[in-house]
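Next comes just one chain, in structure tokens: the form predicted alone.
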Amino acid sequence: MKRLLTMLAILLLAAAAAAQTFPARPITFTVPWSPGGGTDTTSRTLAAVLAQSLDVNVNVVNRTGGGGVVGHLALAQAPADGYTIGAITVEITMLPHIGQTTLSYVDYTPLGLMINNPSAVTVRADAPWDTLDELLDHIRANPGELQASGTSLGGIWDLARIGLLLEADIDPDAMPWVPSQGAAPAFQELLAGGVDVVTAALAEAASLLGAGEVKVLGVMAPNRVARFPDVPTLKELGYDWSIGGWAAVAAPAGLPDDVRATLADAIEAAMASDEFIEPLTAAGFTLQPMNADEFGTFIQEQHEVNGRLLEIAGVTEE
């Protein structure tokens, strides 16, 4: 009898544990990039708000290396139980096309888009073009004369250049790409006259724009950026093209529906909170919150579009 009672007690405890409302213990939030960067800052801000609303610790862990592959892989391979979530970035829609990983968007459960820092078309302050149309007309009339930069060959800002030129019915080769180690050295080359156009993030041009050293002819975003209200979108100028460096939240593929709903609702509410919006806006991030379903559609589209652009850039696997 005593043994039977003991077994019943164990079964009841197990059933009670199984019935606990998610989450019942701390959550790990993986970040595939180094501490202090944009994805890390955004993730830590979100994690702090989530910890309050979910009433459990949300511990941020940086898993760096391999150009983002290490952290993205760690998240994809974690148990799909909701206790490991993390940031995924635009690179996950690019890396599989160039053979750096077999991972893709299908390896994740989308939970929401956090930020999307859009590309812009930036030229020197003394450049002869005051509008985007004037620049594009010059490129058409003088193919190969102007050069652009902003990142490595086939990087996100190179894709920004390619997409812009294709939308304007211009061969991307008409404004060749000069690879750089990032936006900062590209802007240095712009000021020195080594390149003519930079298509990096608008936020990265902010200090030079404020100093009057550059002018921005347009931003590749769905809407004007609040921090730069005078910079028109490409869509306003007649070119339906937008692209940016984004960071989102996801979980491993196969997340149970009830856990997904709990996390997605909490993340959507967190991204609408002042505790999330105010510090990131003050830091210069462009917020573009999307809920789980919206982001699911967005990331699939990004995978397809970026794959085509990378092929045009000539960096995809044969």
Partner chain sequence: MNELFTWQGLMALIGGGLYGAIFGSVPGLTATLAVALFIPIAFFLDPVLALPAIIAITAVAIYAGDVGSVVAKIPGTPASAAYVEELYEIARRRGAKYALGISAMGSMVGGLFGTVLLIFAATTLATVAKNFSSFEYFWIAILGLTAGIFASSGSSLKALISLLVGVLFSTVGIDPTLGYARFDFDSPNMLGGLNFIVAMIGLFGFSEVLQNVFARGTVERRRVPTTAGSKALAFFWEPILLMLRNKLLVLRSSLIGTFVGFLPGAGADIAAWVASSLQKLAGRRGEQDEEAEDRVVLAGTNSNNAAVASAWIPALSLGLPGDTTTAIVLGVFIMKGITPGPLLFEQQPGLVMALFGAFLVANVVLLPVFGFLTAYIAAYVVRIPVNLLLGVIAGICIVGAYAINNNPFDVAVMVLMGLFAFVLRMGDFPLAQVVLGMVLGPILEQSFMVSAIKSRWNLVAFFDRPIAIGLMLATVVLVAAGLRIKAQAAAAERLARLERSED
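Nothing here was measured: the structure is a model prediction, and the numbers come from that model. Positions refer to the first chain, counted from 1.
Just so it is clear, the following notes concern the form predicted in complex with its partner chain, a form of the same protein that is not shown.
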Check your understanding: For the spot marked by Val70, Val178 and Ala206, is every residue within 4.5 Å of its partner chain in the model of the complex through some heavy atom?
Key -> yes
Review point. Quick one: does Ala226 come within 4.5 Å of its partner chain in the model of the complex, counting heavy atoms only?
Key: no
Exercise for review: Verify the contact flag for Ala127: yes if a non-hydrogen atom of it lies within 4.5 Å of a non-hydrogen atom of its partner chain in the model of the complex, no if not.
Suggested key: no
Review point. How about Gly210: is it within 4.5 Å of its partner chain in the model of the complex, going by heavy atoms?
Key: yes
Point to revise | Partner contact for Ile170 in the model of the complex: its partner chain, 4.5 angstroms, heavy atom | key: no
**Study point:** Proximity to its partner chain in the model of the complex (heavy atom, within 4.5 Å), stretch among 86-94, 112-120, 132-140, 190-198
**Key:** 190-198
Study note, to complete from the structure: Assert contact residue (its partner chain, in the model of the complex, non-hydrogen atom within 4.5 Å, options Thr262, Ser53, Asn291, Thr41) equals Thr41
Check your understanding: Across 85-120, which residues bring a heavy atom to within 4.5 Å of its partner chain in the model of the complex?
Key -> Gln100
